[in-house]
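Single chain ahead, written as structure tokens, the form predicted on its own.
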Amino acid sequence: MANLLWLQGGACSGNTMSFLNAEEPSACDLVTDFGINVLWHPSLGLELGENLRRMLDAIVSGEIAMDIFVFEGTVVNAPNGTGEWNRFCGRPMKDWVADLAKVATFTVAVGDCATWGGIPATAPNPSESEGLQFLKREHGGFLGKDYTSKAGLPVINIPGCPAHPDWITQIVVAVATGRGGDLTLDEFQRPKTFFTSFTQTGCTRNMHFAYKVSATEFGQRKGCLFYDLGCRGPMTHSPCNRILWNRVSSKTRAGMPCLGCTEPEFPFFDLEPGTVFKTQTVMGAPKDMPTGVDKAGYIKLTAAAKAASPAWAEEDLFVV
């Protein structure tokens, strides 16, 4: 049996809500089928007050083993590095994180806030928020770039705003069943099994992307969302169009642009007015190119694609 502790820092609880909606496996499956003992979770734990404090102290001392430490939300350091803005069980949450990370066999950061700071860490970052081992693209974060858990791994990052529920439960199962050492992580410590492909992989609008047929408003069933509406699917690492949300759809399939929420820079352009849901361009070319495409090649490719676009590419093919 693997003991799991889940704590929450500066967060909206979105990843908790996502986790509780997991299906393959579900949160209940973790307990009944995979032998995971949830020591405590903000929405599931029974202990309160002094009882919870005693449990946490017992974990820190080693009296209770903690196999998996899951953290959701940012590490809040304000004001002035004290962490007093986010207190939990009688002390700053950051102090609990520091102590618990030292005794964890595996440490897992769930969601953008825990991985690299997310929206709370957007400039000017009044809460002095950071992720467990990253602040945006800067390696280090709260625990420092040299941190490793007792299993010898750095923080396992499962980003997203929120993270897909099945990404969370499948990684937890891998760790709990002794396969944590088999995980291969990318440069941002994301499991490659989920974060090697792009959001565009499997997108139903790929033919529109290829012919440069653009969607002009939300919810349209035809047209690519990249050219005008700021979709970051071609340069965002996620399986959102391979592992569908609610087993049904994804943002791009529903006609909403990908915001790139699994990348360290999210939210992009620091949420400056006019940068959300609008492709940023320079002389007609997007500022941010699809991964692996240079601007000269992009201009040639899109000009040829537009000229070769068949009439049906402008039609709504999904009318029943």
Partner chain sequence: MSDEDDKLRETIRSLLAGGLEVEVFPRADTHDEVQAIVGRLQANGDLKDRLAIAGFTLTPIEHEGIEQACETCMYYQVHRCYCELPELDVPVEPQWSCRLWRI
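Given the structure is predicted, the values throughout are model-derived calculations rather than measurements. Numbering follows the first chain given and starts at 1.
Beyond what is shown, the protein has a form predicted in complex with its partner chain; the following relates to that form.
J.: Please state whether every one of the three residues 217, 228 and 274 places a non-hydrogen atom within 4.5 angstroms of its partner chain in the predicted complex.
T.: Yes, because 217, 228 and 274 each have a heavy atom that approaches its partner chain to within 4.5 Å in the predicted complex.
J.: If contact means a heavy atom within 4.5 Å, which one of 65 to 73, 26 to 34, 275 to 283, 52 to 60 is the stretch that engages its partner chain in the predicted complex?
T.: This holds for exactly one stretch, 275 to 283.
J.: Taking heavy atoms and a 4.5 Å cut-off, does residue 94 contact its partner chain in the predicted complex?
T.: Residue 94: no, not in contact with its partner chain in the predicted complex.
J.: I'd like to check something about residue 18: if you look in the predicted complex, is any of its heavy atoms closer than or equal to 4.5 Å to a heavy atom of its partner chain?
T.: Close contact is absent here: in the predicted complex, residue 18 is far from its partner chain, nothing within 4.5 Å, heavy atoms only.
J.: Would you classify residue 299 as touching its partner chain in the predicted complex, given a 4.5 Å non-hydrogen atom cut-off?
T.: Output for residue 299 is yes: heavy atoms within 4.5 Å of its partner chain.
J.: Is there a heavy atom of residue 222 lying 4.5 Å or less from a heavy atom of its partner chain in the predicted complex?
T.: Residue-level check for residue 222: yes, a contact with its partner chain.
J.: If you check 164, 205, 212, 237 against its partner chain in the predicted complex, which one has a heavy atom within 4.5 Å?
T.: Filtering the options by heavy-atom distance leaves 212.
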